[in-house]
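Taking the form predicted alone, here's one chain by itself in structure tokens.
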């Protein structure tokens, strides 16, 4: 089950963070921000290697005792981080990849809104509903 989904700006500040157990929100903020170092390492390694630049999915960033942290980077260097409960062994890599694609499509819809200023926190009901449905759907 996805317990936290975050959208991080190019300059590494959060645009959106949503976690299911609200009492552990600070813990997930820390987990998301510590994963940004791993994201930067993977992105710089992809730049040096002859890897397909269209591949945006970074895969498993790092596992902890209770959670697994996955990453995704857009072409504009906006980062998506998903924290998944590690007790859910039925969740496969291709399902995580499709969840990131849905998240990216919804983020694109937010960016296309003429009333949204790029760089501001995301306050979209449609985006929030989509994230909530993704977190509940994975259960």
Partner chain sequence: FVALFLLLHNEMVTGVYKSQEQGEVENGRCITKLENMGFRVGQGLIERFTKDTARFKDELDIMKFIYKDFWTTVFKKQIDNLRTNHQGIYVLQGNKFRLLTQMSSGKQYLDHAPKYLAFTCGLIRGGLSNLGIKSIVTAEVSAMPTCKFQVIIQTM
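Numbering follows the first chain given and starts at 1. None of these values were measured; they are calculated from a predicted model.
Only in words, not in the display: the form predicted in complex with the partner chain, which the text now covers.
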Open item on the list: Taking any heavy atom pair closer than or equal to 4.5 Å as contact, tell me whether residue 84 reaches the partner chain in the predicted bound form.
Closed with: no
- [ ] Indicate whether the partner chain has at least one heavy atom within 4.5 Å of a heavy atom of residue 107 in the predicted bound form.
- [x] yes
- [ ] Determine whether any heavy atom of residue 88 comes within 4.5 Å of a heavy atom of the partner chain in the predicted bound form, and answer yes or no.
- [x] no
- [ ] Answer for residue 93 alone: is it within 4.5 Å of the partner chain in the predicted bound form, judged on heavy atom distances?
- [x] no
TODO: Scan 114 to 132 and note down the residues that get a heavy atom within 4.5 Å of the partner chain in the predicted bound form; none is a fine answer too.
DONE: 114, 116, 118
